[in-house]
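Next up is one chain by itself, shown in structure tokens, the form predicted alone.
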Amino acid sequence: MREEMVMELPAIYRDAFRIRSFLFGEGEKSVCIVGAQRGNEYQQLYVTSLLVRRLRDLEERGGICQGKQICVVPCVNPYSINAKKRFWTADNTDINRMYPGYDLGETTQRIAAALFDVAKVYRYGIQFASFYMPGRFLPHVRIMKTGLEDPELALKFGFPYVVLHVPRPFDTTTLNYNWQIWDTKAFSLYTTETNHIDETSARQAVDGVFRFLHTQGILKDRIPGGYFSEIVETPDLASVRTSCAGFFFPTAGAGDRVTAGQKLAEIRDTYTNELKEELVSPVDGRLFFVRNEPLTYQATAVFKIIPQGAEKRIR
């Protein structure tokens, strides 16, 4: 294992800002794995720390295929993690909305440019991502539909679901999207948590990455298990939105099977605790995403459901 500095910025009142990478193996730049880009992505940081440890052990016993190099960047935003703030501490900008970056621009543009300069030369790109809304997901691999996506390749992770996401305008400045435009096969991996550590889904994610790397001839060890992944497109997901704000009490969790008309949650008044709304499922299906904050706002998507029959398989 070798450590290299991706970027270092001096600071006036505190230690320098540093992005560190860990390199394993020699030869073709095969895969770059990126962890936390936001200050509350503790699960994403934890997963990449597990990867670094296992890859170090694998390299020591000759488990990396000859002529293959793996790069892991556990954390892109250590300042925000130290400050317990999701976005950049100075101006609240999101690094994952700054790609491909600009090395003469604002600080977050420079950070994105420094990382992308390293990451864009790899054949495969794997990012541990978090959603813009707080909540629990079913574990899945997400790919942007740029016309360059490869959903069959995403099945190699053995995750329960592969989600094909139709990019919106602001998605064009994400790492996943720009990786694809620069001819890297890119995948965003979602586990069940963001600002809490879930050991089970973290280890499932590590096994998924190792399973993928073995199928692509990068690692020697075969990782058994995994799922026959279902493919879902984001326009097919059914959203359940609130009509009022208040305390949010879900009665079902991510992964649960639901039927049309089934009660999913209550919204209660924040001053009187009176029931304001009952949310019900509009379709038969499986809960894919459930908001996990105690308060919700009006017109917020608090559930996303995979309708029965929306899943596809490629075999």
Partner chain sequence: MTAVCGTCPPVVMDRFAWSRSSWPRVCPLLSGTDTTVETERESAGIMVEHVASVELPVDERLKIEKYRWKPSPDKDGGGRFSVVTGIHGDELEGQYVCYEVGKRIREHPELLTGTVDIYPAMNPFGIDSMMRGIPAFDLDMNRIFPGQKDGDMNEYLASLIIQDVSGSDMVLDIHASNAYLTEVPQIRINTLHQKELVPYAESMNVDLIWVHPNATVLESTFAYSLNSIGTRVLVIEMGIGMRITKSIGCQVTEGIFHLMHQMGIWAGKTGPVKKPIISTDPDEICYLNAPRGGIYIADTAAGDEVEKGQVIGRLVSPLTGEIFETVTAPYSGWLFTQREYPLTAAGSLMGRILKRG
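Numbering follows the first chain given and starts at 1. No experiment lies behind these values; they were computed from the predicted model shown.
A second form of this protein, the form predicted together with the partner chain, is not displayed here; the remarks below concern that form.
Contact check for residue 23: no non-hydrogen atom falls within 4.5 Å of the partner chain in the predicted bound form. Proximity of residue 227 to the partner chain in the predicted bound form: non-hydrogen atoms within 4.5 Å are absent; the residue sits far from the partner. Residue contact check for residue 222: none of its heavy atoms lie within 4.5 Å of the partner chain in the predicted bound form. Residue 172 belongs to the set of residues with a heavy atom inside 4.5 Å of the partner chain in the predicted bound form.
A heavy atom within 4.5 Å of the partner chain in the predicted bound form is found for exactly one of 133, 166, 148, 83: 133. This chain is drawn without the partner chain; in the predicted bound form, the residue among 286, 54, 276, 68 with a heavy atom within 4.5 Å of it is 276.
Checking 135-143, 120-128, 87-95, 187-195 against the partner chain in the predicted bound form, the stretch whose residues place heavy atoms within 4.5 Å of it is 87-95. Looking at 91-130, the residues that come within 4.5 Å of the partner chain in the predicted bound form, counting any heavy atom, are 91, 92, 104, 105, 106, 107, 110.
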